[in-house]
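Listed next as structure tokens is one chain, alone, in the form predicted alone.
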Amino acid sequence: MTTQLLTLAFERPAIDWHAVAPELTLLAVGCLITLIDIIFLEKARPYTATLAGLGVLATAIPIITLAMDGVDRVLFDGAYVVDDFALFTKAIFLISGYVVILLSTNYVAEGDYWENEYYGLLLASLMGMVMMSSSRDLISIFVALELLSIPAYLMVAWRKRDARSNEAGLKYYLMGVFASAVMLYGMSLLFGVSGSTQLSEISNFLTNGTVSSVSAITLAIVFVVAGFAFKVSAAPFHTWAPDVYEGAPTPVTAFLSVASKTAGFIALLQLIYVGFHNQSDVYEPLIWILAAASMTFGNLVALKQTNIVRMMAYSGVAQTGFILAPLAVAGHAGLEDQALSAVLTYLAIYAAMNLGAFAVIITLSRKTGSAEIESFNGAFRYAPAMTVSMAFFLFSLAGIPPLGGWFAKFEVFSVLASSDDVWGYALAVIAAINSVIALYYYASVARRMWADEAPENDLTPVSTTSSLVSALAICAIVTLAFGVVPQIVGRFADVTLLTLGG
């Protein structure tokens, strides 16, 4: 009798197994790594990185088949959607994750780290990011956010005998919990006003329903945007980034600077476009302030940095401002899809050029043992290929043609110039000024590497590994291809979210 009652009480929802195949593949590979670790212990260490990399590549197979199928798949009454937007962003996460695995292979193997657990946590965080791409419900967004964040807290503190790593992990955890609380409070207000956690239903209510409390809606949107501003390290919510980037293992820093930031933006895009797109009078001024503050503050502080990882942290804050800029005019009629495409284009190109820069930093640090900028002086004399690669990625970050960064910035300026609005023009001017400031400190690092003398005139060649060279090659090819043939990324980034917003 009890069994019959339980059967009647629960009815399993219909699941499209093809649609969730990427998530299940990552879950299976993570479980396999854990099982191998339990059975073979230290004997499994040499194979863990390879298994994790193959697992990420295997996850790309269902994404390709879903893209070839071309059908939007809606699960759980609209809470989970697999469409072109989701597939494109999942591809960004998987490629970024694979490059981070390549960057981690020798770094983790040569250090005093638990290797199997590291890759298990990395895959778990990656699975949260892949889930975020399809989440169209407040609950599924929050679950995905926590799934990607909790492993990241642990990976930041992975250097257990390093006080700075422990401090970074604790700071990242405490700030992350605070940001989650702020964001959750905003989500609870949205649910309380609309009576639903689904973004499309929230959008319908805000558009067609009778909103009894405008102040509650405004406060909810402000809190939600502020919570995700922490994840993308937008000023003034960026204070965790420099210390966390410096204290974390460098491959983890690269992962946070690209994949974690992208996940925050993906959630923010879905909330804005699907949840409260018609409330542009609330989110546009807020994002305008965040974009202008992030670009200006990030670039000005980056000028004074002597540690290249901290410089990249503040550079990331400034780049966040550029990525946010199109959303400051996303509510303008006719600019919705163009702004979305500009953000996705920037995220894809930023992932390639930033991971490439960190690949060079990791490679040169194998010789210098330091992340101080002066330790890279004269690198051209003993590592000419690494120096050329670093200049390549730095000038791409600055937006110099024909590298990919120029097209990313061109898309941003194009959206702002098309806004036909004084605030859009003003933000474009701020972005242009900040582009010049950024070029100064990027070029300063390149000049030191090309022209200065090496410390103590040490010209010992840098030892490279096949995994680091492979990561560099992938990043360089993608960065150059997106700059020379920008239609590649433009074609895949030409997606929409508005159809799901009611």
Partner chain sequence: MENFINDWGLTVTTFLPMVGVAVMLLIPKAQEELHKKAALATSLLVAVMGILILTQFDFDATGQLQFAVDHIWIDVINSHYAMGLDGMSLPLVLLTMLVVPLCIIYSWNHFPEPQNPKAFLILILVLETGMIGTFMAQDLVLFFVFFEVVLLPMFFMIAVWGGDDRRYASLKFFLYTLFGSALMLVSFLALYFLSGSESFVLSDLIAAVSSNGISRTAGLWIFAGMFLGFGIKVPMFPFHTWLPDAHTQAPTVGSVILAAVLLKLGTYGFIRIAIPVLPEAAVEWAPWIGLLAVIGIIYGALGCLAQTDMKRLIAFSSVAHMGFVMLGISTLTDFGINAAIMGMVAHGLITGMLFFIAGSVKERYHTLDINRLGGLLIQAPRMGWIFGLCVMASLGLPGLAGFWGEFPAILSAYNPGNGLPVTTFRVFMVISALGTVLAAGYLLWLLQRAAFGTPKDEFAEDPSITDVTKHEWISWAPFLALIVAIGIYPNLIFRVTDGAVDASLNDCLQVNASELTAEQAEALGCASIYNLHEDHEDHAAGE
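Model, not experiment: these values are computed from the prediction. Positions refer to the first chain, counted from 1.
Not on display, but discussed next: the form predicted in complex with the partner chain.
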query	finding
Segment assignment from 360-368, 410-418, 162-170, 119-127: heavy atom within 4.5 Å of the partner chain in the predicted complex	410-418
Contact assignment for the partner chain in the predicted complex, among Leu459, Ile477, Ile433, Ala28, heavy atom within 4.5 Å	Ile433
Contact assignment for the partner chain in the predicted complex, among Ile36, Ala443, Leu51, Ala67, heavy atom within 4.5 Å	Ala443
The partner chain contact at Arg381 in the predicted complex, heavy atom, 4.5 Å	yes
Residue contact check: Lys43 to the partner chain in the predicted complex, 4.5 Å heavy atom	no
Leu403, heavy atom within 4.5 angstroms of the partner chain in the predicted complex	yes
Contact test in the predicted complex: Val484 vs the partner chain, heavy atoms, 4.5 Å	yes
Met175, Phe178 and Phe237 all contacting the partner chain in the predicted complex, non-hydrogen atom within 4.5 Å	no
